[in-house]
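To begin, one chain is listed below as structure tokens, in the form predicted alone.
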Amino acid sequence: MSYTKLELEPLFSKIEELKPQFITRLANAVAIPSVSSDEDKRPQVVAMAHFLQKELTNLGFTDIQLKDLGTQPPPTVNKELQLPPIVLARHGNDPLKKTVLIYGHYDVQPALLEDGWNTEPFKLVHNEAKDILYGRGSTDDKGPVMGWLNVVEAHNALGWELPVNLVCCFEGMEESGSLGLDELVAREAQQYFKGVDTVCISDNYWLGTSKPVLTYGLRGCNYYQLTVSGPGADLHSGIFGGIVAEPMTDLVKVMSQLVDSQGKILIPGVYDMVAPLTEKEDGLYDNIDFSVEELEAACGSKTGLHDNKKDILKHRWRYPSLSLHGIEGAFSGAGAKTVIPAKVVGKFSIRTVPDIDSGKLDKLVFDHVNKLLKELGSPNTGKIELIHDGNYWLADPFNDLFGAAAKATEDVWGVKPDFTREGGSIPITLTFEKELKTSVLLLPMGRGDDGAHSINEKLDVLNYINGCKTLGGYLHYYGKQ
């Protein structure tokens, strides 16, 4: 062990001792069906905010505020639908201590027993044989949010002061686009969040199932749609087939020239923007616990494009990808309908990485698609649009934040964590970094097989309890730096 180990055994022992209370706390949270995408369940999302307010009060947090975000923008059925509040709270205000902002979300994905769950999704079930907790939100993100509360309870029970000041920011719309959050962070940057030294987010997962990780990068996402319009209405192919230009034919031709079957992006100039791989970065991939077999297990097939760990992970994390997602307006039902669609809309996205500039990427995409449309020589009209974009995020895995988290992880799990990036996006990461002008750490609790948005979402008890220890240990190591 190449660092001075802190005496954290009393804290870790207290967390073990309080395990039953911590599981009960998570059970009470899971029991509230705070599904943000369901308008009928909006009162339950608000009830979850009040649950948090009560828990925070009981734990000694101060300046607890439920920030009103106003009416939800359309489309909504209820024109007066209110957004759930963002819960802000503080613990400690010592100017001699560092201040850590902890972010999490208290809303969850929809879940019904008839979706294929083995147990009621909004009842936390402890499978004691496997020592696994099942329930919607157990890993995403109520488990980690309760984990932070558990850390404070353990300190209170020991009579220990927290080694840092904590500022909480818990939102209730993360699963529905985080409506209102960016604006609140910008508003509060020099108000409630003034003086924050760093941000810690626990809303992601280990790469696999056996080794803890720290996450230092996320790909961004630019989402596009290509509309091809022709006839004034859908037509019968028996009457019009062969005598009109068909929008579907044009669309398929263009979309087939965006990416090849080996995953190579065919838009000129995209790869020229990608940051070169350094020797230091390449070395981070060497000891990561991952295998081709894990990829095959995750996708349920042997259809991978790469045959070794390093190439798989690089193409998942640090190289861009283009995916075709679907075609709107085309016949997609069962049977054999002989329709010529009048207008079709193709959807595709590009996952972005350092140093791809979003605006430059848009221009490359538009120029390429418009060139292909022109080359068709078709009387149909085509239009390419950007639907939304979110930038990539990359941190320095060798900084003090990751150093503190790595020490805590090694203390708790007995192994050095893998340093990973993720293929997906967590847009709020960039918002905190930009608005608060500080660094962000992604410190996951759950495993790669937790099924966050799927049926039978779970959190291993070991990850829940050791996750609490890791969160607490991180605060101590960071506070000492």
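Take the two forms, find the largest set of C-alpha atoms that superpose within 1.5 Å, and that set is the rigid core. Throughout, we count residues from 1 along the sequence that is shown. Not measured: the values here are computed from a predicted model.
Below, we refer to the form predicted together with a further copy of the same chain, which is not included among the displayed structures.
Scanning Ser378, Gln109, Asn156, Ser358 against a further copy of the same chain in the predicted complex with a 4.5 Å heavy atom cut-off leaves one residue, Ser378. Proximity to a further copy of the same chain in the predicted complex, defined as a heavy atom within 4.5 Å, holds among Val353, Val369, Val196, Leu322 only for Leu322. Note on the interface: of 174-182, 303-311, 156-164, 137-145, the segment with non-hydrogen atoms within 4.5 angstroms of a further copy of the same chain in the predicted complex is 303-311. When contacts are judged by a 4.5 Å heavy atom cut-off, Ile239 counts as touching a further copy of the same chain in the predicted complex. Lys363 falls outside the set of residues with a heavy atom inside 4.5 Å of a further copy of the same chain in the predicted complex.
Though the partner is left out of this view, Gly382 does not reach within 4.5 Å of a further copy of the same chain in the predicted complex, counting heavy atoms only. The closest non-hydrogen atom of Gly217 lies beyond 4.5 Å of a further copy of the same chain in the predicted complex.
Residues are counted as partner-facing when one of their heavy atoms sits within 4.5 Å of a further copy of the same chain in the predicted complex; in 228-252 these are Gly230, Pro231, Gly232, Ala233, Leu235, His236, Ser237, Gly238, Ile239, Phe240, Gly241, Gly242, Ile243, Val244, Ala245, Glu246, Met248, Thr249, Asp250, Val252, in sequence order. With the core held fixed, Leu235 shows a CA shift of 2 Å or greater between this form and the one not shown. Relative to the superposed core, Ala129 shifts its CA atom by less than 2 Å between this form and the one not shown.
Core-superposed comparison between this form and the one not shown: the CA of Val339 exceeds or equals a 2 Å shift.
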